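Single chain ahead, by itself, as structure tokens, in the form predicted alone.
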């Protein structure tokens, strides 16, 4: 069993994991283990790939540019987080980073930037955000790394929205309190495996025509996150936490 205080370094690897297998770590990961964490041959390392659970490995050879691991035993079977996607309008770099890191920590299965009429940070580097998500997953005991989608325009997203899929629209102009709305869904016996999505707008808010279209879309829950106007990064964390507490894997 995996102990709660296991201090072995934890790495995401894009390779199959099975008993007796070997892994050659890429340069950055080898540098992290050897130069930053000061691990030596014989030391333990935990690895996961999002498919085969988490494994205990032993550092067989170590150099700054390459390290070899030998897989010893499976520590945890594979599990996936609830079917929740976060759609968010990109904001300033540091706040976008915060959104991706916290969405990963809070269990979002996918994180997708959405370009709205008032989005003022349209340049999104998906590769960089994927690296942030991977690091957050390594640190928070997740067994998978959320998908980071390519940016999509809000109009295109809504044009292709699947019928029946629930979308929580966090509307800064008001709506049903999110906690109340989610409790209502739970009391009605909502399917825990039903895909859900949360939409967080830009710092300037949604344009009136966007808000009107969202509220008219079947399956949309227009909700309020309280009496104060939250920054986009705060709103994302608050909405994810509320959903996980009521309908997700916190409940």
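Since this is a predicted model, take the numbers as computed values, not measurements. Residue numbers count along the first chain shown, from 1.
Below, we turn to the form predicted together with a small molecule, even though it does not appear here.
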Notebook entry, point to check: If contact means any heavy atom within 4.5 Å, which of 40-48, 61-69, 23-31, 218-226 contacts the small molecule in the model of the complex?
Noted result: 218-226
Next item on the list: Could you work out which of 205, 184, 53, 195 is the residue within 4.5 angstroms of the small molecule in the model of the complex, going by heavy atoms?
Entry: 205
Checklist line | the small molecule: the contacting residue among 170, 143, 136, 112 in the model of the complex [heavy atom, 4.5 Å] | finding: 170
Margin query: How about residue 235 - does it come within 4.5 Å of the small molecule in the model of the complex, if we only consider non-hydrogen atoms?
Written below: yes
Note to self: Although the partner isn't part of this model, could you tell me whether residue 230 comes within 4.5 Å of the small molecule in the model of the complex, counting any heavy atom of the residue?
What the structure shows: yes
